[in-house]
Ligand SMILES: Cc1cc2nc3c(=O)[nH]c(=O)nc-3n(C[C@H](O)[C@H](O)[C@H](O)COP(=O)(O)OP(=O)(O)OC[C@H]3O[C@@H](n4cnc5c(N)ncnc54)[C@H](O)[C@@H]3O)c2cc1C
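The data below hold one chain only, encoded as structure tokens and taken in the form predicted on its own.
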């Protein structure tokens, strides 16, 4: 498949944003930075230097320019036609992490596993569950990420975010409006960092819990494959994987995409799959589950961009 291209907006944006310090890249490939390794380009990829640079850009961007934010690309399908407008990815300027007593503050670009490891090294309990989330802090804040009995809401103290007008907000836990795999914070808020609360614990016991989570993931999830993590949210009273399995979808193939045989709530790129094949397989799974159980599965994986022309 020939990669689509968009009109180059970088010269115009650079002229409108003379004080910008971050990097603007036209028609930047996104497949290389998503775990599925599929999808078209970003019309413009913006990697801000830091929170102030992000706020400056958002305050001066044309109001009609679409803005999309991506993290580590772990729980994401970028469609084959690419993503129009500006795609923001928080990198080095959002990777700081520090410990102050029993609290850990981390930039939105810090992988969740690094927060868990930092807590373990500091002898802080209550954050090991982050070891099981294959994403970064920004994504955990957006969707109340959770795993192995813990959720972001259980440990969060506060977060910072920048809105579409470039205004900076400090949010308390109550402001986040967390529910299962959801935050009520406006969609145009871009999280920049968060502070988590741990509790003093036994270093050996914390490390043992981390090791247990690592072993469990390796034994039950296809983490070495091209996948996007959990595909569907667990409906009330059900486990998504059990519904998928009961619908006969274990190992189901569409093109070069497959439902994992190891864990049926994971989709795989067998090599050379298109985003359309992966998303189409997910929709076929939803259809079969609805037909067999009456339950409509809700996507947990975020899907962005345009289908191929």
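Since this is a predicted model, take the numbers as computed values, not measurements. Numbering follows the first chain given and starts at 1.
Another form, the form predicted together with this ligand, is not on view; read the next lines as being about it.
Three-residue candidate spot 39, 44 and 81; no residue lies within 4.5 angstroms of this ligand in the model of the complex by any non-hydrogen atom. Residues within 4.5 angstroms of this ligand in the model of the complex, judged by any non-hydrogen atom, belong to 136-144 and to none of the other stretches in 171-179, 136-144, 233-241, 199-207.
The contact with this ligand in the model of the complex, taken as any heavy atom within 4.5 Å, belongs to 74 out of 74, 158, 105, 102.
Residue 190 is the only one of 86, 190, 194, 119 with a heavy atom lying within 4.5 Å of this ligand in the model of the complex. The closest heavy atom approach of residue 56 to this ligand in the model of the complex falls outside 4.5 Å.
Taking the partner from elsewhere, residue 114 is found to have every heavy atom lying beyond 4.5 Å of this ligand in the model of the complex. This ligand is not drawn, but in the model of the complex it has a heavy atom within 4.5 Å of residue 227. At a distance threshold of 4.5 angstroms between non-hydrogen atoms, residue 221 is in contact with this ligand in the model of the complex. For the stretch 236-269, the set of residues having any non-hydrogen atom within 4.5 angstroms of this ligand in the model of the complex comprises only 266.
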